[in-house]
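One chain is shown next in C-alpha cells, namely the form predicted on its own.
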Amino acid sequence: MASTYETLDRALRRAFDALAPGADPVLRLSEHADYQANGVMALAKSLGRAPREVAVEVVDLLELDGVASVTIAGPGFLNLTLAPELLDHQLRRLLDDARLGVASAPVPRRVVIDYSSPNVAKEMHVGHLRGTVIGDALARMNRFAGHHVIARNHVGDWGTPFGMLIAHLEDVGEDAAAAELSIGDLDGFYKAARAKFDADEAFQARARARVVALQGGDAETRRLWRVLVDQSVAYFSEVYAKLDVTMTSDDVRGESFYNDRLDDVVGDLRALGLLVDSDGAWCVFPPGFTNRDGEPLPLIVQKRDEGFGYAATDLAALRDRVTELRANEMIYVVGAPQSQHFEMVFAVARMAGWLPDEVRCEHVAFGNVLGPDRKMFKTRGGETIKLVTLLDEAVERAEVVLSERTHDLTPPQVRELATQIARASIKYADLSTERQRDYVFDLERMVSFEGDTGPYLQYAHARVRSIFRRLGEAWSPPEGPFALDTHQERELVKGLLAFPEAFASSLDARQPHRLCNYLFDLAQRFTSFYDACPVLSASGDLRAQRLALCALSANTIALGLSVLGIEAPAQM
C-alpha cells in the first residue's frame, strides 16, 4: 500500500509527465494546505509558457478523486488538501502496521558499513564518538529497511608501535597487562610503553626486534600480540555495550586481517600498468586529483622502505568486501579530513576494475566534536576525553535531573532510566546535527528535558504512554470515520503520515538529522494537539479517535528513536 506522499506524488507525476516527461512536482508538506507542489514554475520555464497557465493545465490532468482537492496559489503553486476518506483509510492502515507505512526493500541489498575503527592498546575517546554513533544509526536504519548489513570495525592492530607494546607487555607480565587493559587503562599502558621507548636504548632495540619478529610471523611474538588485540577488543565491546551500539567483536577486521593481501594489491596494480615509481615509492595517479600547484597527486601504495600505507590496506579491504562479502553498497563512516583519501582510493579501485559500476561506494564524512571554546573537545590538561568518561558523567547528570522530577522510582530503576537518558542525550545531540558540521558538546543542554534533545523526545513518548495508564482499560479503534475537526488534529495526522518519507529521506541521504528533525516536529505537533484537544474527557467515538492518534504518536516516536539507536522508556 502506497504512503500518502507516494499516492500524491504518483498522481502529480502522471500529470507533469503528460507535459514534460521526468518533470519533478517538488511535493512538500505545507502550512498553507496539507501538501504543496512547487514544481510548476520549473516546468513552465522548460516549456516556455506562463506558470499560471501551466498550473491550470496540470490541474485539468490530475486524477485525485477520493485523494485530495487542489487549488492554485500565487504564480502557480498547487495546494493539495487531503480528502477525509483518504485520511481515514491511511490512519486505519497505520494502526495495523508495526512498520508505520515503511515498506521493506523489494530487493534487499548487501550493505557493508565501516565505522568506529579505534586503535588497539589505545583508549576510545571523544574522537570516536561520531563515527560510532552515526555508523550504528545507519546500520540500524538499513536493517530496518530490509537490507543485509555487514558491519566492519577496521581497527588499527598492526605496525611498528606493536614492537614497543609487546616489549612492554613482556616487562609487566601477561597477567598484569591483561588486568590493566581489561579495566580500560589502554592509554596508561600505551604511554608507559612510549616513555620507556623514548628513554631506554636497550628497550628500543628489543622493541625493534619484536617488530621484525611480528612481521616475520614468529609464533611467540604473534601470541603476545594477540593478547594485546584480544584484551583491547574485549574492552571496546564493553564500551559499545555501555553506549548500546550493535557493533560486536565478530565485526572486527583489523589491519592485520588484510596484511597477507597487500603484495597482491601491489602486484595486480603493477600488472595493470597503473603503478608509477615516484621518488622510490610506488604510486597510482588517478585523474582529477592535483595539489595547489596543479600537479598530479599520488596515492601511495607502497612506500620507499617497501612498507605499506593506509591506501594499500584500504584497497585490500575494498576488494575483500566486493569479492568475498559480495557487497552492493559500501559505506565508510569516517571523519571529513579523510575525504580526499577515500575519493582517491575509490577512483583507483574503479581504474583497476575492483569496484564495479553497479556497486555504490560512499564516504559518509562527519565533522568534529567541539568543547565550549569551540576547539577540539579535550580535558583541561589538554588530554583527549575518554568516551566512557563522557558516558559516566552523562548518567550522573541524568540521575540528578531525575531526582528533581520523580520520587517514586527505586535506586535500580533510577540507574536504568538514567542510563537510557544518558545514551539518548549523547546520541541525539550527535545525530540531530547535520553530520558534516561540527557541534559543541554541552552535556547540560543535552540532558535537558526541554528543547530539541533526546530526553525531550523520550519524555514526549512517555507522556503519551501515560494517557493509556490513566485510561486504565482496553480501547478499540473508532468505529466511525476520523472526523479531524480541529486544526491541531489535522496537523498531527499530517505529521504521522509523513513518517515513511522522513525515514526514506534520512536513509537515502545518509543524514540521520533529517529523521531527528521529523521526530522533534512530530512531538511538537502532538503537544499542540494534546493541549487543544481533550482525550480522556472526550466520549464515544471522538475519544476513540483521539486515543488512536495518541497511540500512533507514541508508536511513531518510539519506532523513529529505535531505528536511530535510542531507547524510548514507557515511563519517566
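From a predicted model like this one, the values you see are computed outputs, not experimental measurements. Start at 1 with the first residue shown and count on from there.
There is another form of the same protein, the form predicted together with arginine; it is not shown, and what comes next is about it.
Q: Just give me the single entry in 289, 310, 468, 257 that has a non-hydrogen atom within 4.5 angstroms of arginine in the predicted bound form.
A: Contact residue from the list: 310.
Q: Just to confirm, with a 4.5 Å cut-off on non-hydrogen atoms, which of 193, 243, 334, 496 contacts arginine in the predicted bound form?
A: Going through each option in turn, the one that passes is 334.
Q: Taking the partner as it appears in the predicted bound form, which of 227-235, 326-334, 395-403, 301-309 has residues with heavy atoms within 4.5 Å of arginine?
A: Every other range fails; the passing one is 326-334.
Q: Taking the shortest heavy atom distance, is residue 119 within 4.5 Å of arginine in the predicted bound form?
A: Output for residue 119 is yes: heavy atoms within 4.5 Å of arginine.
Q: With the partner left out of view, is residue 77 within 4.5 angstroms of arginine in the predicted bound form by any non-hydrogen atom?
A: Taking the distances in the predicted bound form, the answer for residue 77 is no, it never comes within 4.5 Å of arginine.
Q: Taking arginine as it sits in the predicted bound form, is residue 147 near enough to touch it, meaning that at least one heavy atom pair lies within 4.5 angstroms?
A: Although arginine is absent here, residue 147 would stay clear of it in the predicted bound form, with no heavy atoms inside 4.5 Å.
Q: Indicate whether arginine has at least one heavy atom within 4.5 Å of a heavy atom of residue 154 in the predicted bound form.
A: Within the cut-off, so yes.
Q: So in the predicted bound form, are 114, 128 and 338 all sitting within 4.5 Å of arginine, heavy atoms only?
A: Checking in the predicted bound form: 114, 128 and 338 are all within 4.5 Å of arginine.
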